[in-house]
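Shown here is one chain on its own, the form predicted alone, set out as structure tokens.
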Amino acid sequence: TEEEEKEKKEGRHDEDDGDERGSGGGGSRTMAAICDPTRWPHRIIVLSLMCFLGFGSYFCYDNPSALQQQVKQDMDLNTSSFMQLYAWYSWPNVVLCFLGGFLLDRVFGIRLGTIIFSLFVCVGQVIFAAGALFNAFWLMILGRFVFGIGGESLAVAQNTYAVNWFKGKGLNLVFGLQLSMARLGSTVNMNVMGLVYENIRGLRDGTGYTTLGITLMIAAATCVFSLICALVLGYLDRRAERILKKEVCSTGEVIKLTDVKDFPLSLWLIFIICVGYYVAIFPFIGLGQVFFIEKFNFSPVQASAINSIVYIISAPASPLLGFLVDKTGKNIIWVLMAVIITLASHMMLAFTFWNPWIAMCLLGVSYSLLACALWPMVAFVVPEHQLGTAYGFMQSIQNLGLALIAMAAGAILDSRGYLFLEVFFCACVCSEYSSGEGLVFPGGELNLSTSARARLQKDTLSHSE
């Protein structure tokens, strides 16, 4: 009978996915909103998992910076050796920027790939902590290398999940929330790890590498939490794929190294700006704690707090400044403004004893502004089919620069001190300002307003048709 056939169909639906709704969304809703992949309560759960997916990675990335003084004392290191902890994070990403998307798309798949890269982050942090526990600096270096294998590729997976779930439905907001959560992880690390170390030292009634190892092992709990998020997110994505008959998501990255020879001059100038800017930010933050202790007589907790202000400001400022750049255009002007503010910040820190909160707040604003204005410019100067290669090459050069400058900064600090190091950072920023000025001539379209760029694209499209 008709009723029996209906019962059989309903039974098959229940057997397939429990509470599946009618195909195409036209049938009656049989799922609770929190279980339905097409409804916001469920999607908010997925978004939360996406945001926490990278929390552990960003929290642990700057563990050495938050514990700079303690790491150098307990492991008996000079600054050059200490900065190896950052250099060895960047080395694997010189190559993995090209291979990460390929591994996610063609080898592992996004779900398994995310879990594998989360495992690398988790295992790398455990090895890093074990190196401190056993007073083996080479083991700490190995841990940072393993950690680096997973860290950058995990960010690619995170973005891929975001596009798959939220494309056309608030994707920019989702990217902004993910960035804010990443900065939150860095900020919490800077302000918490020193206190954790002090509490453990008090409980153990002493200092030493064992205290450092226990502190770093506690930090590894955040990586375990992110791994759990990757497992749950993979299950929910697989379930949604089955219910909604979705295609398997991919990163969308198409890497062809032969495209490099066709890159225009303006793109190479963008690469130079990227490297010159970020090497004046991340190595400085990595060495910032002792700088603020020695020059401004801050306590370790105060030094970590001011060192984290760049991340604190960038969390809310990035979405707002991104909206401003989107509305106005004129990307080169914004980039040059960010470079000038950064140069002024480093000069204040180098040559004055003004309250360092002023310089660090300016550095946080300029850091957010440059990221919002610089990275989208790649899409203005290369065709769409070369975007994957261009962004991969940009990240690769950035990581190569960070690895080399991390080692150079440590050597300069050991031999010359913080004043020479700040002068070195100022020189890096000046080099990128020159590159920014150079962009005005070969890439005049980069400095168009948003409305002018829209008209240009419309005219180009009409001409090609």
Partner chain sequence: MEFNPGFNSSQTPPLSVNLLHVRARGENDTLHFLLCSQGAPALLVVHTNTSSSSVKVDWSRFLSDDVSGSVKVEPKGSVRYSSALVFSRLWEYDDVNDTADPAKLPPSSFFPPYELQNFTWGDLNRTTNQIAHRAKLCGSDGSERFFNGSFCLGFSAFESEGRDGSWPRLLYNANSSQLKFWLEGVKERSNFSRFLLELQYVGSSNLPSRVETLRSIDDEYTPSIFQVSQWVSSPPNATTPILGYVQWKPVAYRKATPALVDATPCRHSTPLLMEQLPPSGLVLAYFGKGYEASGLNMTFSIAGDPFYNTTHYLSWSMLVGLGSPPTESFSPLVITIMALGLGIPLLLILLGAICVCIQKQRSGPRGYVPIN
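Numbering follows the first chain given and starts at 1. Treat the numbers as computed from the prediction; the structure is a model and nothing was measured.
In what follows, reference is made to the form predicted together with its partner chain, a form of this protein that is not presented.
Contact check for Pro41: every heavy atom lies farther than 4.5 Å from its partner chain in the predicted bound form. Its partner chain in the predicted bound form is not approached by Trp138, whose heavy atoms all lie more than 4.5 angstroms from it. Its partner chain is not shown here, and in the predicted bound form it never comes within 4.5 Å of any heavy atom of Asn191. Its partner chain in the predicted bound form comes within 4.5 Å of a heavy atom belonging to Leu413.
This chain is displayed without its partner chain, yet in the predicted bound form the stretch 352-360 from 156-164, 371-379, 212-220, 352-360 comes within 4.5 Å of it by heavy atoms. Each of Gln73, Thr79 and Leu343 comes within 4.5 Å of its partner chain in the predicted bound form, counting any heavy atom. Only one of Phe296, Phe102, Phe225, Phe108 lies close to its partner chain in the predicted bound form, with a heavy atom inside 4.5 Å, and it is Phe296.
Only one of Ile200, Val232, Leu244, Met347 comes within 4.5 Å of its partner chain in the predicted bound form through a heavy atom, and that residue is Met347.
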